[in-house]
Ligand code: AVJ
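Single chain ahead, by itself, as structure tokens, in the form predicted on its own.
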Amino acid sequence: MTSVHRDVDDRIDFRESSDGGPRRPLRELSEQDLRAHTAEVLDRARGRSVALTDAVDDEDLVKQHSKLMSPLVWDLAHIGSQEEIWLVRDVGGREPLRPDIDDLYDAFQHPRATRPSLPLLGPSEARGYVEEVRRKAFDVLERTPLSGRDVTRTAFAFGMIAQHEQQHCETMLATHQLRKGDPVLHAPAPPPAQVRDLPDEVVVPAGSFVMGTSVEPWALDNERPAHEVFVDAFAIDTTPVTGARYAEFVDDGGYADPRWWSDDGWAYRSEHGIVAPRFWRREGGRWWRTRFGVYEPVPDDEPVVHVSYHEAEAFAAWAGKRLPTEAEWEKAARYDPATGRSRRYPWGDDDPTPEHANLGQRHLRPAPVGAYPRGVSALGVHQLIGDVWEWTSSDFRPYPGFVAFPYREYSEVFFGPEYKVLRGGSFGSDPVAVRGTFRNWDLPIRRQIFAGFRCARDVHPGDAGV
């Protein structure tokens, strides 16, 4: 097979689009400006989908690179199917284009492992389908009042679909990480560390803060409503755990010592013979990793990535700490002690720029810790947005007053102890799909996702900063 080599940003100017949004809040935009912004966000998502699928040939598009993932061509057509259902049919009230494929691209009807056996659209047909859907969706955007119904107010449904597509772009990026063969994605290195000698941790005093949101126009149902939460005093790592620090745990026999692992974690580690983060290999006296087809030494100063919840929990126990709760993570990210209010992002209310965080698949790797001093939270915590999703100790549960919207299957069916919450986004996430309130969730065994973590610990009266 001959692979097509293409830069990730061949089809899209990430520098122009990476700020993630308008300079003013969506609620303050005129309808004309809101339409223009929404079109730009949809275009950005499509540019990324095209880049990720055009980077390989048709043989690679239809291949299943891992039973954990769909063929890339399934993701592409699924993106179009969801856009057709919500924007063309529901919002626009138009005639269905391809009702015959609704079931094929229903993620709840067909698990990923079985999708290659389905009569899927081929690459050319899938591309043509998503292009036709997009033309009709843009016509709907132009003609639909962005008010009235909940799904059209402030262009919510369009924002939801843009987020959905970007989430699948991150999923497709994870598929690229799992594929074998020569590198086909290329991007510049992230910026170097700008600040060094950061403190190991930041103490967050006890007190209440407002968690979640009731006002963010494109926030999804599980982020709502805003509610007050009291959090005891705690300390949290200033930065995510790095590759060098995690290697200390591995080299100290952390994977061979059941003291650090939960029963479920130890059983999973033992059954699958896990001895290091996914894609790590010991060679020549040091650790190496495979990253999008490139074999390279594990960087000491980048956040560790591709670790499961179980691995993160075991490291925290070995380090004499624990994982933060979801409420602790959000307080560290959003709470401003000078004003007592919760910010949209760690740095304030402005949308992300390339100086704030490593987002948008601009670099295809985490940045070194200390690389984004403009993204620091009011409490002094760094790199809470971008780089790596961060595992928390919390189960995925609804907030008090939760209302499923616009459909139960987005969040409600996943609530429960089976899933753990991740926060903050990764280098593979787009700004439209990452906020200080955004909640991701996954099974605690997952390692193919771009996940890392930071640790926390309890503090008591008399400790420094309390």
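When you see a residue number, it is the position in the sequence shown, counting from 1. All of these numbers come straight from a predicted model, not from anything done at the bench.
One more form of this protein should be noted, the form predicted in complex with ligand AVJ, which is absent from this view; the next part is about it.
Judged by heavy atoms within 4.5 Å of ligand AVJ in the model of the complex, the contact stretch among the candidates 237 to 245, 274 to 282, 159 to 167, 351 to 359 is 159 to 167. Ligand AVJ in the model of the complex is approached by residue 171, whose closest heavy atom lies within 4.5 angstroms of it. Among residues of the shown chain, residue 415 is not one whose heavy atoms approach ligand AVJ to within 4.5 Å in the model of the complex.
Interface membership of residue 127, defined by any non-hydrogen atom within 4.5 Å of ligand AVJ in the model of the complex, is ruled out. Using a 4.5 angstroms limit between non-hydrogen atoms, residue 78 touches ligand AVJ in the model of the complex. Site annotation in the model of the complex: the residue of 49, 437, 38, 440 reaching within 4.5 Å of ligand AVJ with a heavy atom is 440.
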